[in-house]
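Here you get one chain, nothing else, as structure tokens; it is the form predicted on its own.
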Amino acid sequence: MAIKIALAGEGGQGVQAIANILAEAADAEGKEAIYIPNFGVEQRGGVSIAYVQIDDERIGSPKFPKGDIVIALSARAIERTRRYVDERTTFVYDSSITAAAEIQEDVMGVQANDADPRVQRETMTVDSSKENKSGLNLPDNAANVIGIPANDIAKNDLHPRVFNVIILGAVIKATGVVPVESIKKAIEDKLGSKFEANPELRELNYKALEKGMSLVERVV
């Protein structure tokens, strides 16, 4: 099964890290996988986009015009990814109130940079309908629109550092393209040394992964 994914967020939200983990996990499963990062003029303070393709067969082109799943983690990211949405796309966005994250240096998530969400808006529960309750300019041509309060959950229940791992969990549940055990293996490969030094970080990241998976149903 071919899956085309576009992920976008503000610099520091960790979209490149989770795109890389997705591709590594798919490769370990014997699938064809391509991950292409795209940064704005500024690596921090700008929107970065990651393009991931996973297929059982050879992937013909590194580019794709429309995504099966598009994830936007800020208002600017919504605008940047709108072009990749059509009537077959599942569009996922962060519906949280997002304030500047308070990061403790002794806690580390997948991303190397601080979570730095920029969008301020009211908290929503998971919304799999196409109705826009957020006031954001969401795409109106997507097959599914899913709001996930990932930042709220990360800040209130887990830790801001694992915001992107919640999103990663939602992506793998929505697509079913890579088993969760392969994702955990890829996370271990990336952060294993930190987990060895502080096993609580492993538990924190895995809780975030499972929480993200619990927020959506399989849609692709």
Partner chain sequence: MSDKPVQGEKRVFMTGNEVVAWAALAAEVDIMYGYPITPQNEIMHYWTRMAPKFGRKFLQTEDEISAGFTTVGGVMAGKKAFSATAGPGNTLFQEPMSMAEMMRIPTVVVIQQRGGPSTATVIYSQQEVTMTTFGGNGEGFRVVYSTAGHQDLYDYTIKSFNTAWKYRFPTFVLADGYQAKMREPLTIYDPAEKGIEMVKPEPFVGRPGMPGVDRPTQYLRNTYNTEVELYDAVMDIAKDYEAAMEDLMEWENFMTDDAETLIVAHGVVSRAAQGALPELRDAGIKVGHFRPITLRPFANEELRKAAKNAKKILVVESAYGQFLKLVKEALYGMDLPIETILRPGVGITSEEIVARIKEGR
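Positions refer to the first chain, counted from 1. All of these numbers come straight from a predicted model, not from anything done at the bench.
Beyond the structure shown, there is the form predicted together with the partner chain, which is absent from this document and is the topic of what follows.
Remark: none of the three candidate residues (K173, S182 and L209) comes within 4.5 Å of the partner chain in the model of the complex, counting heavy atoms only. Residues placing heavy atoms within 4.5 Å of the partner chain in the model of the complex fall in a single listed stretch, namely 30-38, out of 30-38, 173-181, 191-199, 147-155. For the chain shown alone, V15 is not a contact residue for the partner chain in the model of the complex, no non-hydrogen atom being within 4.5 angstroms. In the model of the complex, no heavy atom of G46 sits within 4.5 Å of the partner chain.
Contacts of stretch 7-26 with the partner chain in the model of the complex, defined by any heavy atom lying within 4.5 Å, are made by N20, A23, E24, listed in sequence order.
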